[in-house]
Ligand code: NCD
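This document starts with one chain, in the form predicted on its own, laid out as structure tokens.
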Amino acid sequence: MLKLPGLIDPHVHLREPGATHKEDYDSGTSAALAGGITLVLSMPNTRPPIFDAETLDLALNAAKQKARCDYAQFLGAGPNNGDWNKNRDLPPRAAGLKMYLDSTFGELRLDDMTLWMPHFQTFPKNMPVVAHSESRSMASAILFAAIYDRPVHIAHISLKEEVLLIKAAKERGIKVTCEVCPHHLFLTAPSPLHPSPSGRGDGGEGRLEVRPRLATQEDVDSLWKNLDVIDCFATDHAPHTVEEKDADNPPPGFPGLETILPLLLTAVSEKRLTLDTLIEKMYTNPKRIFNLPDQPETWVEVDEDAIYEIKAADQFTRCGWTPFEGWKVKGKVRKVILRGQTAFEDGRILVPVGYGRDIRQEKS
């Protein structure tokens, strides 16, 4: 068995509160454990979104009752909560601050850059700021990191121009880090010859909807070529039901908690990636960037020689589908030990709801 540290996913959407028919803290953290992930950082664009004490309590209370792996919850940056000096007690309770700099809705909508400024100015500099920013808005976020001399983490990069700009910014000493998702490493935008990312025609066009959108082969190749620039692998696990994805107005997002590790281990077996790089980007770097505590007596056991097909029917995520259906992969999670307890073994979740800890609140 290959032994890995408990892996970290710094970007998941667990849909609680407000959309638990897609996922909740129980099903989502069960999926995490099945994927070899022992710590998840949950995003704030829920219903209602998480942006103040009342909504943070709402999410954390649900997590405390249901989570099976460890977790922390992001706060969302909105137009009216930018003075964090008035709410100094909130940032230490959160995973960090998430800023949606492209299109979003409601209390987290930031219509112009004057609304960004107070967040960059007043959110504690020892706490991470994560930006959903694409292309030009990403360049603006990097400019803000330079102006306010504070770290910024760019979520789910997908384009050649993005990774090259981040490389240039790092070379200038700007405090920027970034992550990439498996779907942006393994899938490309559909074409007339290949209507689905796998070329098999599996699923309608709605199942290809994701933000950032799937990019070209040139973009994918550039991400692989510049893996040394990329700090983290993250799933952006964003489950929607099959019915929603196949509807006339499909919401964007893919599930990913149970597929990220086998996809990357397959890349290791194909010599596209080293095991050390995988551990660096799924454990060492996210732990450092997000200032996460140790998880004592925690590890993952993987049968690195197991070859099998990814099937949504075998997964714990509530959404019931995966863009990687039928993909042949090499490397299967057999056992997960979390804080000395066997949390997952051979397809079974063995810890109860509520076993997961809020890593911002509880001592190990």
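Please read these numbers as outputs of a predicted model, since none were measured by experiment. For every residue, the number given is its place in the sequence shown, counted from 1.
Beyond the structure shown, there is the form predicted in complex with N-carbamoyl-L-aspartate, which is absent from this document and is the topic of what follows.
K.L.:
Identify which of P91, P250, G253, G82 has a heavy atom within 4.5 Å of N-carbamoyl-L-aspartate in the predicted bound form; exactly one of them does.
P.N.:
Selected residue: G253.
K.L.:
Considering N-carbamoyl-L-aspartate in the predicted bound form, which of Q295, T55, N45, Q315 comes within 4.5 Å of it through any heavy atom?
P.N.:
Comparing distances to N-carbamoyl-L-aspartate in the predicted bound form, the residue within 4.5 Å is N45.
K.L.:
Partner absent here, but in the predicted bound form, which of 119-127, 278-286, 264-272, 231-239 has residues with a heavy atom within 4.5 Å of N-carbamoyl-L-aspartate?
P.N.:
Result for this chain: 231-239.
K.L.:
Check whether R211 has any heavy atom within 4.5 Å of a heavy atom of N-carbamoyl-L-aspartate in the predicted bound form, and answer yes or no.
P.N.:
Yes.
K.L.:
Would H153 count as touching N-carbamoyl-L-aspartate in the predicted bound form under a 4.5 Å heavy atom rule?
P.N.:
No - in the predicted bound form, heavy atoms of H153 and N-carbamoyl-L-aspartate never come within 4.5 Å of each other.
K.L.:
Can you work out whether N226 and N-carbamoyl-L-aspartate are in contact in the predicted bound form, taking contact to mean some heavy atom pair no more than 4.5 Å apart?
P.N.:
Contact check for N226: no, nothing within 4.5 Å of N-carbamoyl-L-aspartate in the predicted bound form.
K.L.:
Contact between T188 and N-carbamoyl-L-aspartate in the predicted bound form at 4.5 Å, heavy atoms?
P.N.:
Result no; T188 lies far from N-carbamoyl-L-aspartate in the predicted bound form.
K.L.:
Taking only heavy atoms into account, state which residues of 326-342 are within 4.5 Å of N-carbamoyl-L-aspartate in the predicted bound form, ordered by sequence.
P.N.:
Heavy-atom contacts within 4.5 Å come from no residue here.
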